[in-house]
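First, one chain by itself: the form predicted alone, in structure tokens.
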């Protein structure tokens, strides 16, 4: 029961918050849930497979455009939402076969280049709305029920968050999850133990893309409009910072890291849009604070917030028992 208490508290808070929020606060709450979904997959990718992706927003964009394009061409929106994670995962498999042969910063730069190429292609694709963007995306409807207001989307988003957390938790606790933990300790040792290293890395890459694609699909229906500018490189950097700050390879770390960064971004945006501030102030502040935050976390909390808190509680419990 003690272990389940945090999950129960988060669940109760998730159900209670939407009716209490309004306007921009409810929008932030929805975007927070979408960020958690992407960060869960990235945390698994970086924490278990040991692969750094600086292009996770590209899978977010693929999911959004998949759902949006299918729905504007008269297909049921729910089919677009179901197709979003599948198309993102399929794309990850296709590009992951060659990309995952790279290691370290080479892979990071390759995924960054992938996102830049994707955004450039989308901006030139008239069938996807081009640089102007894809407009007229309808509201999501399932079985005759239409998600017509922000509160309904808030519950939808956080239901999807629970789904991604459960899927990730079950995978980590399964036999393949034990192989992933061995992979996190070292590829050579994992391969010597019979773990199919290449296949597992590709599977986690595709799973993280599927989580991002699902979040992107919901994002498309929520906004009703998509453009290449909706998925900047800074967004991929945000996801990496969220995963590192919260704690790589931990499910709660994705939630904690995303919450901390989203709230920080809101504060920076408010500060950067004050009278007298230049138009580029929000972006400059974001990059600067991300850099400082990463340095501080690496120095003082090298494993992230959640692992540090767990270690501190363990030491306290041990000292109390003595």
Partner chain sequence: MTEPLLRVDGVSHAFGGVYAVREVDIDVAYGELRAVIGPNGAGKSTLFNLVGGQLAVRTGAIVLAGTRVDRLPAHRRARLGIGVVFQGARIFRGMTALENAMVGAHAVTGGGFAGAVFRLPVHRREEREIRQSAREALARVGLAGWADRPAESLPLGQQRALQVARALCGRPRLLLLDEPAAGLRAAERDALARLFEELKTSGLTMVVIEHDVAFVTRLADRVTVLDLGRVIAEGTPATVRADPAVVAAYLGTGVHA
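Residue numbers count along the first chain shown, from 1. Keep in mind that this is a model prediction, so the values were computed, not measured.
Same protein, other form: the form predicted together with the partner chain, not shown, and the subject of what follows.
S.K.: Can you work out which of 121, 159, 189, 93 has a heavy atom no more than 4.5 Å from the partner chain in the predicted complex?
M.R.: Selected option: 189.
S.K.: What is the one choice in 125, 132, 148, 173 with a heavy atom within 4.5 Å of the partner chain in the predicted complex?
M.R.: By the 4.5 Å heavy-atom cutoff, the listed residue in contact is 173.
S.K.: Within 4.5 angstroms, counting heavy atoms, which one of the listed stretches 136-144, 223-231, 165-173, 77-85 is next to the partner chain in the predicted complex?
M.R.: Only one stretch qualifies here: 165-173.
S.K.: Counting only non-hydrogen atoms and a 4.5 angstroms cut-off, does residue 178 reach the partner chain in the predicted complex?
M.R.: Contact with the partner chain, yes.
S.K.: Answer with yes or no whether residue 200 is in contact with the partner chain in the predicted complex, where contact means some heavy atom within 4.5 Å.
M.R.: Taking the distances in the predicted complex, the answer for residue 200 is yes, it comes within 4.5 Å of the partner chain.
S.K.: Taking the partner chain as it sits in the predicted complex, is residue 195 in contact with it (heavy atom to heavy atom, 4.5 Å or less)?
M.R.: Yes, contact at 4.5 Å.
S.K.: According to a 4.5 angstroms non-hydrogen atom cut-off, is residue 235 in contact with the partner chain in the predicted complex?
M.R.: Residue-level check for residue 235: no, no contact with the partner chain.
S.K.: What residues, if any, in 107-141 have a non-hydrogen atom within 4.5 angstroms of the partner chain in the predicted complex?
M.R.: Residues within 4.5 Å: none in this stretch.
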